[in-house]
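Okay, here we've got a single chain as structure tokens, the form predicted on its own, with questions on binding and movement later.
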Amino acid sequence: MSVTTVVLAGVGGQGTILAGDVLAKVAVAEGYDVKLSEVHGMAQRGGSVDTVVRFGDDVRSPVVDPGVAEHLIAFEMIEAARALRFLRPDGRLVVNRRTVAPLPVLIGDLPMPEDLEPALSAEGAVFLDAEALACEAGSPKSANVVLLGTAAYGLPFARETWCRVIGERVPPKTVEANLRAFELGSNACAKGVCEA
């Protein structure tokens, strides 16, 4: 198998690092060679966070070059636009319909970007409301696991492996809600919400 690259793009506090860790552990459990890298922005909460997971028979580097990633799972729309350069032309782009104002916007140095959804739609993006699905699952903080469910829909890993790793990785009291969140994300794709 050639190398598959998944980019998870969000901001600090959205759970992109946990999501990347789960994805990497699932790939390892399924027998793949895996490389994981994380790039953190200036702030712990609110700064850009990219997590790159690369898996295959022989992965030489955790670094993703522009135009290489098969999957871009964006936890919010500004980060989707920023990370779009990593996605290959025929890649899969899933975007959470949320916008987090970056620091330059908050302090008044820059205006809030406009028309993000139409611009991302023109790039083939599909959208979902991960926070709403997380609330439906019973855990408002599980939007990142909803987005893992959307990633899982396009990746070659067994559902049982996903569920086991999620169960091992999230706090014990939240396992049931997180598994529901994962299923809701995956089911949204199965119903066509997440298909380009």
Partner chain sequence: MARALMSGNEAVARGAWEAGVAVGVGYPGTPSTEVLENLVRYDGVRCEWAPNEKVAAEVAGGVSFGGRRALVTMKHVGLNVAADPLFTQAYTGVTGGLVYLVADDPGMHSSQNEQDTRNLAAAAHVPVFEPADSQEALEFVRKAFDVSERFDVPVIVRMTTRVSHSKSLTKAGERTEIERIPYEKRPQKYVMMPGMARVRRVDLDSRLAALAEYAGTTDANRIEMRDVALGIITSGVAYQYVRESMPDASVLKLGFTNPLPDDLILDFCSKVSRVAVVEELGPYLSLRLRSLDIEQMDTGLSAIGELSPVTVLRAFGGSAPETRAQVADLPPRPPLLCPGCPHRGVFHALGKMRAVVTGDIGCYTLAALAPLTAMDSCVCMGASIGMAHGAALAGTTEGPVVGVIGDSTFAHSGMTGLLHMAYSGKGGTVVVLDNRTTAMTGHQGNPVSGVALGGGPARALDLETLAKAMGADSVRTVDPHDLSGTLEVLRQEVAEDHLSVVIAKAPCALLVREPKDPYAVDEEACTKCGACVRLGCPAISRDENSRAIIDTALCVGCSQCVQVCRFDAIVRVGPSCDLGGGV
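Just so we're clear, the structure is a prediction, and the values are computed from it rather than from any experiment. Residue numbers count along the first chain shown, from 1.
There is another form of this protein, the form predicted together with the partner chain, and it is not shown here; the text below is about that form.
Although the partner is absent from this view, residue 63 contacts the partner chain in the model of the complex, with a non-hydrogen atom inside 4.5 angstroms. Proximity of residue 97 to the partner chain in the model of the complex: non-hydrogen atoms within 4.5 Å are absent; the residue sits far from the partner.
Among heavy atoms of residue 188, none comes within 4.5 Å of the partner chain in the model of the complex.
Taking non-hydrogen atoms only, residue 155 never approaches the partner chain to within 4.5 angstroms in the model of the complex. Looking at 51 to 88, the residues that come within 4.5 Å of the partner chain in the model of the complex, counting any heavy atom, are 54, 60, 61, 62, 63, 65, 66, 67, 68, 76, 78, 79, 81, 82, 84, 85, 87, 88.
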